[in-house]
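So this first bit is one chain, no partners, the form predicted on its own, shown in structure tokens.
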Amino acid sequence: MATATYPPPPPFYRLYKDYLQNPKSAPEPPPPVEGTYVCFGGNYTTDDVLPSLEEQGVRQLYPKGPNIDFKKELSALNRELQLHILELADVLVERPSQYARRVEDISLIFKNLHHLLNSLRPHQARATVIHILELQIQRRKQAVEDIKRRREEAQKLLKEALGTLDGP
């Protein structure tokens, strides 16, 4: 089988041959994918839902419900993680054969921390978009002020030029 360095384009380009004369002659783009789809052998969904820890087979260490105090729970899990790491160091020194349970406990804490942080991602995304939009508004206001200032300078120069042309 021969391969080309630059293979020919896919045959879809023929659908757009009259595009310059009539832009409406091109086919409509396909509709967005909704629901589940397969990509490279993996099943994916367009629903952006964070699965619960129970659905993943992991025990949840923080309280359930919609009103979670993230700061308090993250701090508590962080303290617990520090304690378990110190216990792991102690176990490795005194009873090295019993380290597996401590590592599993640390893994469980990390999974809970990770899940809590992932549940904050939508809020972080909204805050980031708001910040970007505020910066854009600020830059545009500065640009408008700069244009106004330059316009006033130009008007002033024109008046001076007219004054010198008219003469005394």
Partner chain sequence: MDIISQLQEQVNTIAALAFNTFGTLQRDAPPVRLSPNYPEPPANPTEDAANFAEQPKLMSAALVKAAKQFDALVAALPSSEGGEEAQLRRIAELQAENDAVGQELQRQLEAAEKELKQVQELFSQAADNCLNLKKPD
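Just so we're clear, the structure is a prediction, and the values are computed from it rather than from any experiment. Residue numbers count along the first chain shown, from 1.
Keep in mind that the form predicted together with the partner chain is missing from the display, and what follows is about it.
- Only one segment in the set 57-65, 105-113, 25-33, 41-49 has residues whose heavy atoms sit within 4.5 Å of the partner chain in the model of the complex; it is 105-113.
- Among heavy atoms of Ile137, some come within 4.5 Å of the partner chain in the model of the complex.
- Under a 4.5 angstroms non-hydrogen atom cutoff, the partner chain in the model of the complex has Arg121 among its neighbouring residues.
- Although the partner is absent here, Leu15 is not a contact residue: none of its heavy atoms lies within 4.5 angstroms of the partner chain in the model of the complex.
- Interface residue remark: Arg126 is counted as part of the site for the partner chain in the model of the complex, having a heavy atom within 4.5 Å.
- Taking a 4.5 Å heavy atom cutoff to the partner chain in the model of the complex, the contacting residues in 143-159 are Ala143, Val144, Ile147, Lys148, Arg151, Gln155, Leu158.
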